[in-house]
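Quick setup: the structure tokens below cover two forms of a single protein chain, split into structure 1 and structure 2.
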Structure 1
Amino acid sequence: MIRATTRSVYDWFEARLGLEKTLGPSLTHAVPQSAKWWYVFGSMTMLLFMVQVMTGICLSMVYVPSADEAYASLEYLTYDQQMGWFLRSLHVWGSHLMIAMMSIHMLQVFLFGAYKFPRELTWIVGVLLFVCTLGMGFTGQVLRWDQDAYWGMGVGMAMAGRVPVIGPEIVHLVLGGPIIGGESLSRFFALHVFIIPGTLIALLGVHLLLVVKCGINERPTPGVLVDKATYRETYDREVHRRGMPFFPNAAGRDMIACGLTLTVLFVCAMMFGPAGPNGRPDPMLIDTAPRPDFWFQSIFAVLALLPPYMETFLILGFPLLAGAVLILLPFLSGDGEKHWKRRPMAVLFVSVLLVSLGSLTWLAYQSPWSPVMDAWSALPTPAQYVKGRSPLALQGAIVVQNKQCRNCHALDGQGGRRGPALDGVASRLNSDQIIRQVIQGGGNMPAYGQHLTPAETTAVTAFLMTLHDQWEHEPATGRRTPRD
């Protein structure tokens, strides 16, 4: 009885929707026998996107996209709303895993030569999907609306403002004005919730259609070349002879991989919790060290390390160059060898890319160029640096502490690392050079001539001139004694 009722309901819907005719060919189309576990990352990425959509809908029911109320709504979600912290955790870690799986999928496609004929358009749509995924990650961080979000928005718009001719218009469109104001968060909310997801859904539909129409790339074999004149005929013949139906054979592996992905996502969400918010956004608060999310740490490191005159090229030129190379890749190398063992330049490129991104990300987390904003108040001047000093040198030590020099300069290994350590500064610079550096600045150091009186400058110089490598001048006798 139940079975007959179920069948009649199914037949009723089938007569009106024609699902078997519409979806049947897509589910049962043949795929290469070699399409196994290396081919599951695309399905894992799509699953994570679905999780992002579902958790995002739930969060948007509570989140208030207002500059005045966003932070409070996030705190309510995290601490008061039942299971709100878990929803936020799923959304945050889903974003991280989605970018990770998308990156792995693109690298796998590149190394397997799946961008070659006849899948050029499939690759191009995939590149656009990757860009939109990064856009989702960036706008999602802004919606956390804490110090990192506020300054991240500021940095992003400063980069957009450098676009020739239309830069100010882009900033005005995104922010709702020339500066971050009341409309800015609402517009980022619209980007994150409507515009970018809508674009992703449209591109994903085109991408899946192209996968069905052009077929899944076969596992490359060394020595088997792509010939545009014969590839389609050979592919169709081999898939028909040795292929397997996508469902349930290939789909079964995708389901297992997706189950493992959900398990990892739930474990990360429960163990590590959501990200932020970390302090209300306050443009007047300088005691902050904003950071982007993991996936943008390498950009953070490059911007900090490169000299200023190269910033514009990095911000504008490099993305355009990288995008052009990725888009033109299937047309520049659309045939020939696919297997990675026969494409050493492709392997070298991926290796250099991973090492570079890994190194830059590590440097970003080490942050040797970042100040320690509370060093001047939290770290006392070590006793050995003031013992036996003259009154003028002691006054200089007080000025160094009160003027927050320790935020950027370390003493005895403690303090900021944006500038060089002050230990041994008298061995590197004479008194005139120290005075000129303090007053005029140089390198990463701003000029302090307008912030110090002549007496304070003299006192600071007297103190710094007592700091020598390994040995210090004893103020009273001028003799050198080992540092205590």
Structure 2
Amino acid sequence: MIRATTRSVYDWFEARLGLEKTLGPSLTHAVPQSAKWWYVFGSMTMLLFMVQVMTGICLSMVYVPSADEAYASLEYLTYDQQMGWFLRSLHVWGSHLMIAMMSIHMLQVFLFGAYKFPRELTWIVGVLLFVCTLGMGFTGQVLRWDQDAYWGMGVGMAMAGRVPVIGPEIVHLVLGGPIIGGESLSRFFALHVFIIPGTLIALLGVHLLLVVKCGINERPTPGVLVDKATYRETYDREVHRRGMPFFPNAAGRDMIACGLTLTVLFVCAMMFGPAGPNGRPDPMLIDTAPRPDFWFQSIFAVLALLPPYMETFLILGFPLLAGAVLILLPFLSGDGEKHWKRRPMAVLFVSVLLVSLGSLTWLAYQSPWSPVMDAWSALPTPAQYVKGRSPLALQGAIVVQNKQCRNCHALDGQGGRRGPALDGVASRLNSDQIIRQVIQGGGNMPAYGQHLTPAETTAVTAFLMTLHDQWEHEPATGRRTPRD
């Protein structure tokens, strides 16, 4: 009885919508037999996007996009609203996982040569989707409207302001004025909730259409080349002969992968909780150390480390160059070998990219370029560097603290790492060299000649000259021998 009723309702809708005729062929279109577990990352990314849309809609019911009330509404969501923290947690971990899955998807497509003929447009639309996703990440971070958000927006706008001629206009347009103000949050809200997601959904539709129209890339075989004249014919023949329907075979694998993704997402959200909000976005609070989200940490490191003369090139030129290379890639190598084993440059490129991003991200978390501002008063001189020192050397140790040398120079692994550690400095420099370095500075170190009395310089030199390496080179033989 129930089954019959359900069937008749379904038939009523189907008679009008005709979904079986329109969507049916797409669901059951043949895909290569070799499309197995390597092909699930795209579906995982799309699932995460759906999670983002759903959690985002729920968040927007409570979040107030006004500069005055945004922070309070976030605090309400995080601490007072029933399961509000979990919603925020799902949204932020969803964003992390979405960018991760999209990156893996892109790398897989690149290494499997799936961007080559006839899937050039699929790749280009994918690149645009990636840019939109990063845009969602950045604008989402700004909507968190805390210290990280405020300064992140400041850095982003300072970069945009460097664009020749129209830079100030771009900043004005995005911020709603020359500086970060009440309208800025509204504009970022519009970007995050309407403009970028709208673009994303449209591009995603095109991407899916192209995936169906151009077919799923077959798993590459070394030595089997893409020939634009014969590829389509060969592909259609192979898929027709040995392919399998997308639903349920490939779709089943996608669903298992999506189930795993949801599990990982829920566990991360449950275990690690939401991000921030980290302090009110008040530029007068100087006791703060704002940081971008994980995915922008490598850019954070690059911006901190790059020499001034490269700034404009790296900030404006590099993204353009990277974008141009990604867009032009299918035209530059649109045919030929697909398998990574026969594409050493592709493997080299991916390796260099991953090592660079990994190293920069690691450096960003260490941020050795930032002085440790309270080291001078909070990190004691290590006890072993105090014992057995003369009264003058002890005064020198106080000079090291008092003049805030420790903020940049570590002792026994503690302190800033902007300058070299001072352990063993007496084995590297003699007293004259230490005096010269202290007074005149050099490298990144400012000159302290104007800030130290002769007595202080003598004392600090006396102290530093007691800091010998445990092992020292013998100048005559070059051997390393234990000191004392």
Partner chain sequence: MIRRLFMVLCGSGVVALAACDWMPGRPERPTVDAHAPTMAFEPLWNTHCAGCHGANGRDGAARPLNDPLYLSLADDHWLHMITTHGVDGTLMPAMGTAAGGPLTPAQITVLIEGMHDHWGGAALQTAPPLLGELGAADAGATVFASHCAACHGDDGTGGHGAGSVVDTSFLALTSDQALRIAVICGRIDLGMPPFDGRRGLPPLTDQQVSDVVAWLAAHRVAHPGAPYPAVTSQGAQP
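Numbers given to residues start at 1 and step along the sequence of structure 1. Keep in mind the model is a prediction, meaning the values are calculated, not measured. Superpose the two forms; the largest set of C-alphas matching within 1.5 Å is the rigid core.
As summarised for this chain, the second structure is the form predicted in complex with the partner chain, and the first is not. A movement of the C-alpha atom of Ala455 reaching 2 angstroms or beyond is seen between structure 1 and structure 2 when the two forms are aligned on their rigid core. When the rigid core is held fixed, the Cα atom of Lys36 travels less than 2 angstroms between structure 1 and structure 2.
After superposition on the rigid core, the Cα of Lys341 moves by less than 2 Å between structure 1 and structure 2. Relative to the superposed core, Arg417 has its Cα moved 3.6 Å between structure 1 and structure 2. On core superposition, Asn402 has its C-alpha offset by 7.8 angstrom between structure 1 and structure 2.
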